[in-house]
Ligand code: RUB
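First, one chain by itself: the form predicted alone, in structure tokens.
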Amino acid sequence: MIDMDLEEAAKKIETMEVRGAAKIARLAALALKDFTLSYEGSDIGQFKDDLIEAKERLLSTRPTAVSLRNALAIVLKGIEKEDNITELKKKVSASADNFIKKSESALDVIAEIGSKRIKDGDVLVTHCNSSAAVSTIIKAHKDGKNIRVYATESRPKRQGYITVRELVKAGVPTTLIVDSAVRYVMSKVDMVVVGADTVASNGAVINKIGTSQIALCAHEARVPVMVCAETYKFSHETMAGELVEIEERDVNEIVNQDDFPGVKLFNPVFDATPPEYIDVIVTEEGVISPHAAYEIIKSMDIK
């Protein structure tokens, strides 16, 4: 049984009305909480089955975002031990609230830590729309550092439009560029600041398509790459050898397929940036080398 409100949340994530790994994780946690509190059945076994079904529906929306998977695992952790519906509702509700609170506070901590690595006068490049990366840049600006930003369009959904509006609203001098202009401007850049959808156990970062090309350009130009990512974006599954599934979306997000008869279209949403192209990952636990991702995942209480 899927509640209509939960289905509405799932559709918002699926259609990218709500986007960004942190935002979809928080929305999913809230949707699961609301589903739990509005549940009217009295059979504890059926309730648990319905919670798992609700979880699976939310998971199906964005397969690459480990933040979504981890958020739901955290919210439902330990439900198998409960044998009272009222107590189960309290447990899931409290877990959801706690996750949302920690997720929001993690952004502030990451911004505080990451902004210290940005120097006065730096020119930055960012890609897509990462709450963690944008918060870090804005914090550096608020600290009085004279910085400028190049932000990519991030085709095909152009999440970069959201980024430039957020940065300009905060007073950060920002220039919007097409994705393919990154190598052209890299000679003027001091640091790349991006977010992550998933961090694998080997330190590879799965992020918006085009991130790996930006990191490659930065590596060539000896420009450091800083990834800002909450620890709940680290993938426990990759420790057991599982590969991160790269989501493919409707090709009509690129062009109207009917306008190109006979042409194959391909719309992968993410790519993997090798750890050797990443200088540091900034988390709410501190700054780590990408090769330390394994230690972060080992310490996580998520299965």
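All residue numbers refer to positions in the sequence shown, first residue = 1. Since the structure is predicted, the reported quantities are computational estimates derived from the model, not experimental observations.
Here the subject shifts to the form predicted in complex with the ligand, a form of this protein not shown in this document.
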Though the ligand is not shown, can you say which of Val282, Ala293, Ala9, Ala22 has a heavy atom within 4.5 Å of it in the predicted complex? Ala22
Students should find that, of Val192, Ala132, Ala71, Val199, the residue having a non-hydrogen atom no more than 4.5 angstroms from the ligand in the predicted complex is Ala132
Phe270, heavy atom within 4.5 angstroms of the ligand in the predicted complex: yes
Taking 4.5 angstroms as the cut-off for heavy atoms, does Asn207 touch the ligand in the predicted complex? yes
Heavy atoms within 4.5 Å of the ligand in the predicted complex: does Gln159 have any? yes
Non-hydrogen atom contact Met16 with the ligand in the predicted complex at 4.5 angstroms: yes
For the interface check, one of 214 to 222, 86 to 94, 111 to 119, 124 to 132 should have non-hydrogen atoms within 4.5 Å of the ligand in the predicted complex; which one? 124 to 132
